[in-house]
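Next up: just one chain, as structure tokens, the form predicted on its own.
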């Protein structure tokens, strides 16, 4: 009896592996960025991210004070590294953002102020697998990651100076003007 159970479990595992291989090898799982993700794909990515954040993200607040210096530094880093995908204060998506799979949230519209600081920091530092969100561990130091985190956490309650700089930041969706046409002779 035990031998039959073991053989049955092994056969089921092998059938599952073979089915997954065929699903991928026959191109049934789209690889194109403009394909709609399946329920299973969205569920697996969301479940994995939440479990990883629960296990690895720091709790509590970060090491920086909420002041103009930190918020403005975070805004400058956001403008240089994040706005092309996550947009400016106007919440309009750039062409890059519109072409990405998964679509990055436009943080001028739907910010992350309600997320814990540790989660925001973790996402910037490590990126998010199977999305366009890169890990910034090799390009930003931890203080810069915390500055960006602080700006994102407090986007809805910026100081007057930081709010003015945020509103003045050019939109990532601003089209580049077409070159002037040569005059006809």
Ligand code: HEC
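Positions refer to the first chain, counted from 1. Here the structure is a predicted model, which means the values were calculated and not measured.
Omitted from view is the form predicted together with the ligand, to which the following refers.
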Which among 54 to 62, 35 to 43, 22 to 30, 118 to 126 is in contact with the ligand in the predicted complex, heavy atoms within 4.5 angstroms?
118 to 126
Heavy atom to heavy atom, is residue 136 within 4.5 Å of the ligand in the predicted complex?
yes
Can residue 103 be called a contact residue for the ligand in the predicted complex at 4.5 Å between heavy atoms?
yes
Should residue 158 be counted as a contact of the ligand in the predicted complex, where contact means heavy atoms within 4.5 Å?
no
Does any part of residue 95 reach within 4.5 Å of the ligand in the predicted complex? Heavy atoms only, please.
no
Just give me the residues of 146 to 168, first to last, that have a heavy atom within 4.5 Å of the ligand in the predicted complex.
148, 152
